[in-house]
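One chain is shown next in structure tokens, namely the form predicted alone.
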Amino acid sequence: MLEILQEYGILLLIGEYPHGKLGGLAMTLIISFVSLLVTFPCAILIALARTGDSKPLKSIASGFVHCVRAIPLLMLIFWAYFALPVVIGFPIDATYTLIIAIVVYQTAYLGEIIAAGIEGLPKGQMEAAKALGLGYIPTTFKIVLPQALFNVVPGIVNQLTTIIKESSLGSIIAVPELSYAMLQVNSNEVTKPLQIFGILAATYFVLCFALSQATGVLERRISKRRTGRVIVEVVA
């Protein structure tokens, strides 16, 4: 394994950069963070539509969530890779194709997480805001969303773990991320597949385990803060 890391370490970390495309672990992290950043506002819109009073918007959001969750991400990647260029009339880079597919897929899941956070808030807060004369937008963005997003921070971090693992599917359409770099190494070192994919598994494990630990720390802190609030309210 050490020989493989010594010989291909740079390729696995940053791909062919600066003499070619950025790739490897750096590209995996970029794809994951960009996908989560783009997914986040889309998921908020889906969550607001799912929990709002508008029946047409609720039906559209529910239909989107149920349709996306019923198909595998790999199928979305293929549709984005083959059908999207036909629809828009020009080709798209494979990296953007992967990000678009992940954003669509994760919007359905993250939207449900945020919707659960909104529905978990006491109804009295929204009723009190209406009684004070606050409209939908100030109630949503000053009262509902700050609390709901705070409560679902662990779920959002957990979705980042999922996105990192899902980014490995980009190797199928030649996105130069970590798994694709490993496939290139495997094609050069045909007699060492166990060592090569052992390194790949260990890298994903370290990344995802670190994020899982961070999620656990966030959950404990949020739980302590909720407990503190309850105690303060009871004492008051």
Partner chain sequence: MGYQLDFSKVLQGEYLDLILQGLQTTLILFAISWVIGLVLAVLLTVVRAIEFKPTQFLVAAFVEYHRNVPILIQLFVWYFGFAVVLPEAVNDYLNDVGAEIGYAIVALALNKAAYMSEDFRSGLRSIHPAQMEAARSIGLNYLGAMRWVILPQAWRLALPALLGQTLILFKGTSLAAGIGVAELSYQARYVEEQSFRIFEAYGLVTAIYMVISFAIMWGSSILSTRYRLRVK
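Residue numbers count along the first chain shown, from 1. Here the structure is a predicted model, which means the values were calculated and not measured.
One more form of this protein exists, namely the form predicted together with its partner chain; it is left out here, but the text below deals with it.
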| query | finding |
| --- | --- |
| Check all three, H66, A70 and C208, heavy atom within 4.5 Å of its partner chain in the model of the complex | yes |
| Among the candidates L36, V185, A49, L169, the residue which, in the model of the complex, approaches its partner chain to within 4.5 Å (heavy atoms) | L169 |
| Distance check, L74 to its partner chain in the model of the complex, heavy atom within 4.5 Å | yes |
| Non-hydrogen atom contact Y109 with its partner chain in the model of the complex at 4.5 angstroms | yes |
| Interface membership of A131, its partner chain in the model of the complex, 4.5 Å heavy atom rule | no |
| Proximity of L200 to its partner chain in the model of the complex, heavy atoms at 4.5 Å | yes |
| Stretch in contact, per heavy atom within 4.5 angstroms of its partner chain in the model of the complex, of 110-118, 76-84, 90-98, 144-152 | 76-84 |
